[in-house]
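Just the one chain here, the form predicted alone, laid out as structure tokens.
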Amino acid sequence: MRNRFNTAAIIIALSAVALLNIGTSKAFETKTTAKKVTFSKDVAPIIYKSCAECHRAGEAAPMSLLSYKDVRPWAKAIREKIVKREMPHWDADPNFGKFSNDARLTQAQIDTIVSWIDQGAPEGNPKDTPPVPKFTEGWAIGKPDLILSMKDEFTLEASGPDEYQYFEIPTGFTEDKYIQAVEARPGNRKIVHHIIAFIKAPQKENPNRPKFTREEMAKLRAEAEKASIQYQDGFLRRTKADAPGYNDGCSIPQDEYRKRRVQGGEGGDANNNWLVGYAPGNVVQPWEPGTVKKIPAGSSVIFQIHYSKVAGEVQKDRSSVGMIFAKGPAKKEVYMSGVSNPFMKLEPNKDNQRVSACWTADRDIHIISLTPHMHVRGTAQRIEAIFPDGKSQILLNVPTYSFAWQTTYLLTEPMQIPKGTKFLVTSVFDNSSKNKYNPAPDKAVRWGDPTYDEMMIGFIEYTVDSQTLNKPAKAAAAVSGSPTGQ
């Protein structure tokens, strides 16, 4: 019995040693035969797909990443940024909404880049490198059919406050045009904080419109300015310090908007003169075929440009808007609602301040995109839909908003929204000294144009279900014509 036990014990011991050796051998094998990762074969495809749109000459990113020579010096910095998921930049909570422009890398992609850098960032065989993506220089939407630019360069002085300047550019359109894609392009990124381009349709003469003398018009403007909560401060529109403050924008009495000469009661502004916007980090894409923006014959495009000055340097800018005309039937027109609260008031030396705004859809619509906008005290924003049956759904949650990187979130599929749905936009602000970007934590902050004031907007881009343009393909094709640039 003892011999049989000893024999069994020896067998078990030898088996354990064998298993240990096998495990050690496999560990050694894994270590010594780890997959070789190279830039040419493994890393370049990831960078070209997820980084090159911004990391190329003339774009917002500080360096180009289109070749091994470009990428290699930045290897350690790239490793740090992707491991922390700071790049590619994406602020939306993945638990809410699905977006076609989701820039996040998969964990497998992150692991590939990390392995490459940990192995010394070898180039590999240059013949394995895929072709560099082809971009239209200066444009994310591709080659425009038409470029409208400011007539002359604008000179921005070296000192003083921010400026909001307006420039009007005639389109020269002799017939209605339908736009499939449009992009605003800053001429000088150092000073252009944002661009908003509006459509100014030709005004029809109204014979019943009252006629006023110059003196009467001046009096009416003075009365409106006195009643308004806002005032003109040089080039900037700002809110009066003693104006009533409502951080719960959904509870603002509707007559308060009329009495105080503020547009967009209940926080929504659904007029359809919006054309396109630009802000740092924002990448635009063409709308789906059939979804268009209409520009009436005889219209002009108004550029509203917010300029931030570079201390000690006189700067010049000549910004542009590029358009691609619809090549097929035009079916639905794009609308934009800015859900905002111009009555907001942030208390000094206080973080985690919530400001809300509401807008109710008066028609059945389909949402295309969502865009949060705040200034340097904004830290988070959530856009929620409260349906007529009382159910609610968070459409977008941005827990770490960045003023330096303002993203438009494009829905993977347009979302149907029934008439009567209320959109609730809730933003969080940090007006304390803990916010390193805060220029004056000891002051109360109101709505205003300059970055040292605040804004709170949730932009909702949508189409209206009941609208059917049904413009035939030949009519839509006729507007494309020959490319012209100005």
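In this text, residue numbers run from 1 along the sequence as written. The structure displayed is predicted, hence computed values, not measured ones.
This protein has a second form, the form predicted in complex with heme C (HEC), left out of what is shown; the following refers to that one.
Problem set entry | Contact assignment for heme C (HEC) in the predicted bound form, among Tyr335, Tyr231, Phe135, Trp405, heavy atom within 4.5 Å | Only one listed residue qualifies here, and that residue is Trp405.
For this session: Have a look at Leu146, Ile82, Ile295, Val284 for me and say which one sits with a heavy atom within 4.5 Å of heme C (HEC) in the predicted bound form.
Result: Of the candidates Leu146, Ile82, Ile295, Val284, Ile82 is the one lying within 4.5 Å of heme C (HEC) in the predicted bound form.
Exercise. For Gly328, is any heavy atom within 4.5 Å of heme C (HEC) in the predicted bound form, or not?
Worked result: Looking in the predicted bound form, residue contacts with heme C (HEC) do not include Gly328, since no heavy atom lies within 4.5 Å.
For this session: Using a 4.5 Å heavy atom cut-off, state whether Ile302 contacts heme C (HEC) in the predicted bound form.
Result: Contact with heme C (HEC), no.
Exercise. Is Arg446 close enough to touch heme C (HEC) in the predicted bound form, meaning at least one heavy atom pair within 4.5 Å?
Worked result: Although heme C (HEC) is absent here, Arg446 would stay clear of it in the predicted bound form, with no heavy atoms inside 4.5 Å.
For this session: Determine whether any heavy atom of Met63 comes within 4.5 Å of a heavy atom of heme C (HEC) in the predicted bound form, and answer yes or no.
Result: Taking the distances in the predicted bound form, the answer for Met63 is yes, it comes within 4.5 Å of heme C (HEC).
Problem set entry | Stretch in contact in the predicted bound form with heme C (HEC), which is absent here, among 170 to 178, 82 to 90, 308 to 316, 233 to 241 (heavy atoms within 4.5 Å) | Looking at the partner contacts, the answer comes out as 82 to 90.
Exercise. Relative to heme C (HEC) in the predicted bound form, which residues of 445 to 460 have a heavy atom no more than 4.5 Å away?
Worked result: Read in sequence order, no residue approaches heme C (HEC) (within 4.5 Å, in the predicted bound form).
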